[in-house]
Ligand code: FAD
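Okay, so here's just one chain, in structure tokens, the form predicted alone.
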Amino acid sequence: MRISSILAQRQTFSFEIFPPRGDLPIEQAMTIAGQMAEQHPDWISVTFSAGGSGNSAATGAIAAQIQREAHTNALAHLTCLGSTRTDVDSFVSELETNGVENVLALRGDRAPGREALDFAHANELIAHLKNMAPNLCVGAACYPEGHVEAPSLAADIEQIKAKQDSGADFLVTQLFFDNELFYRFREACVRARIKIPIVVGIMPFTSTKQIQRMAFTCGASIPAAVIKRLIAAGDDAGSQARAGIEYACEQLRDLAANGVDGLHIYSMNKPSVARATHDALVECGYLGRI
């Protein structure tokens, strides 16, 4: 089912399979996806490593298996850096053959040997996808604090507008740890006449090192409330993980109460994290009991 059709009906809840090193085998991915599917998410997204490395060749296969075996909608990531038009067309053809209707179109992170070939920006990729496969549901990324390479948040929102104008059906945010930043971002998008749904992406951090790494990579700020919890957790790994999951659940409950279009969990391949966030949203009434 097209994700845009689901978003038109209700607030959504979804997970992401996110291989930290891009080397998640299909068998392991399906074990994780199967456990996450037990929470009845609206979809599970599958990340993509550009340039022919990591899991790029398996993204379509994993997405197809999620739909076929886990009976859950799949959202296949696709990056344009390192991809030719032929690569993209072949990838989409594979998805269509396997009944996968949803793609998240991304530029991708810059890296040595990963350069713009036929597409320099995500909006160019989106326009091509919509031209070659009009029935494909195409999502795009957005950044509540601005992309790390953007000169300003206003300039970044102009890029979001270009994605919408190119045919994007919905947006998924980069992770953030301060909900007020998202609410201000959402208001700015309304003023910029961005009308497509914005699904909120939240990552429950499970260690001090992890949140530091993600904040540096994504440019996400770490609020005082998070720092205080990490200090209270000390060096104990279990306490750090509990602090992170509890904080994320608080974020999710607040976002649900404030009428977001959907909640997407960057669960870092941890079914236990998926279960905890699901249960928190059942408790606050965002999700029905199963």
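One-based numbering along the sequence shown. Predicted, not measured: the structure shown is a model, and the values here were computed from it.
Only in words, not in the display: the form predicted together with this ligand, which the text now covers.
Of the residues given (A74, A168, M203, L104), L104 alone sits with a heavy atom within 4.5 Å of this ligand in the predicted complex. Though this ligand is absent from this view, in the predicted complex it lies within 4.5 Å of a heavy atom of just one residue from A220, L136, V172, I196, which is V172. In the predicted complex, this ligand sits within 4.5 Å of a heavy atom belonging to Y266. Taking the partner from the other structure, this ligand in the predicted complex has no heavy atom within 4.5 Å of any heavy atom of A192. At a distance threshold of 4.5 angstroms between non-hydrogen atoms, G108 is in contact with this ligand in the predicted complex.
Interface residue remark: V100 is not counted as part of the site for this ligand in the predicted complex, having no heavy atom within 4.5 Å. Listed stretches are 154 to 162, 87 to 95, 182 to 190, 127 to 135; the contact stretch with this ligand in the predicted complex is 154 to 162, by a heavy atom cutoff of 4.5 Å.
Contact check for F48, A122 and A150: all three have a heavy atom within 4.5 Å of this ligand in the predicted complex.
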